[in-house]
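Form predicted alone, single chain, as structure tokens, below.
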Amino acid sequence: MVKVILVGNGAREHAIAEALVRGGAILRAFMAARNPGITKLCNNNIKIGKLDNFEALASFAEGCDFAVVGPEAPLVVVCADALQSAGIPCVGPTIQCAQLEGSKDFTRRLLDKYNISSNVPHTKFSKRDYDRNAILSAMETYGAEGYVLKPDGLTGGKGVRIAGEHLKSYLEGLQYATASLDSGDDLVVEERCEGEEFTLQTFVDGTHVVGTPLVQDHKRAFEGDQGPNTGGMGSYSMPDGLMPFVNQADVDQAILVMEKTVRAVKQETTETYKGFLYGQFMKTPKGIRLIEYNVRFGDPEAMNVLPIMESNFVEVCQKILDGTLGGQLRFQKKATVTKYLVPTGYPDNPAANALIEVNTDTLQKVGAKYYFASVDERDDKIYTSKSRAIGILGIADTLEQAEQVAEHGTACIQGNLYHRRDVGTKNLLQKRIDHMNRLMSKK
């Protein structure tokens, strides 16, 4: 039996834990809070602590065959390096390779230096020394509704501000930029892309980049794509593994970009990228554009692809470490829809410490799966935090059927929670198809 330690305690990690156990792993978990789903899969072999306490992590990992790191934050501060130094191979990139997510400027400069297509023009401003007029000039270069502002480091998916959507004037853009810089974040001003985003999650063994079914996330907090950005309110995938507005040629191009990026990282840092790599791409009238890289599985997107994975996840992880990945992976030809239940008031003023009750019998009857996210189990009761609480997954032959399973599943959870009912619906998908068709007709 293969002994594996999992780092992290969100819904993404719950889905990873399920896939590891399904693959035959004996699992233990190092978590910041007690996720009841992961705890059960580990048979209570868990340790609670700060995810950047690498000494405690390495001690708890002793005797494991390898580690899988779920969230990005530990990876960008030497988690993989610390585990490897302790003799525990890690499915997750070293700190040098993790710059692909840890620094947006690093990624943009890397793609420029190695002539990798799909890049977006950008300008970086330093928190140590910046000029307000230079920031304004950079925004004006792209036009009043043609720029995007991004803190250079990690923001949990909530730091991006788009001109014309979040920012209504150059003044608002300048205010956000200077506030971000003054708070201690470097800032990137990028050209805004117009199109439809899609998520391509892959497995990387240093040479091979092997893809999974495409997923589309919904960042906005409220129905109709309204409200502030979140870590993701839900996502869907299609039975053919593509999107109605993304064809196989688009995917092949995105994979090629990711393969070239992995080689470029090796040339730039001398270190080999091993782990998961998530490319957030956008299809535009000018072609495929890279919005950003994430050095881990997506959350919620991991819940869409891992439960329908037919290949043995433990064996895939071993091949990543051995550098023998190659070939295609097997997935069920099913549609999936994930809907996130979040505390009332999320993301701006979430209601924390609210009791959640999960009717597992009813969930099973409606055919929905569930994955605990940012919750805490105390005295056999489950409470919300200030972040997303629980992901509900529907799997079916069609998107419409999967959406209904997920929607019925949300009714099996009681608590001070809300969710976006429109995630995965036919009407919302058609809105995206129409949007892409209008753009492509203007080419």
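Throughout, we count residues from 1 along the sequence that is shown. Note that the structure is predicted; figures quoted are calculated from it, not measured.
The same protein also has a form predicted in complex with a small molecule, omitted here; what follows describes it.
- Heavy atoms of Q280 reach within 4.5 Å of the small molecule in the predicted complex, making it an interface residue.
- None of the heavy atoms of M258 is located within 4.5 Å of the small molecule in the predicted complex.
- Residue contact check for K319: none of its heavy atoms lie within 4.5 Å of the small molecule in the predicted complex.
- A residue is said to contact a partner when one of its heavy atoms sits within 4.5 Å of a partner heavy atom; K124 fails this definition for the small molecule in the predicted complex, lying far away.
- The chain is drawn here without the small molecule; in the predicted complex, the stretch among 170-178, 142-150, 76-84, 328-336 whose residues come within 4.5 Å of it by any heavy atom is 142-150.
- For the options H208, R263, R109, R192, the one in contact with the small molecule in the predicted complex, meaning a heavy atom within 4.5 Å, is R192.
- Think of it this way: in the predicted complex, the small molecule has a heavy atom of just one of L136, M309, I162, L242 within 4.5 Å, and the residue is I162.
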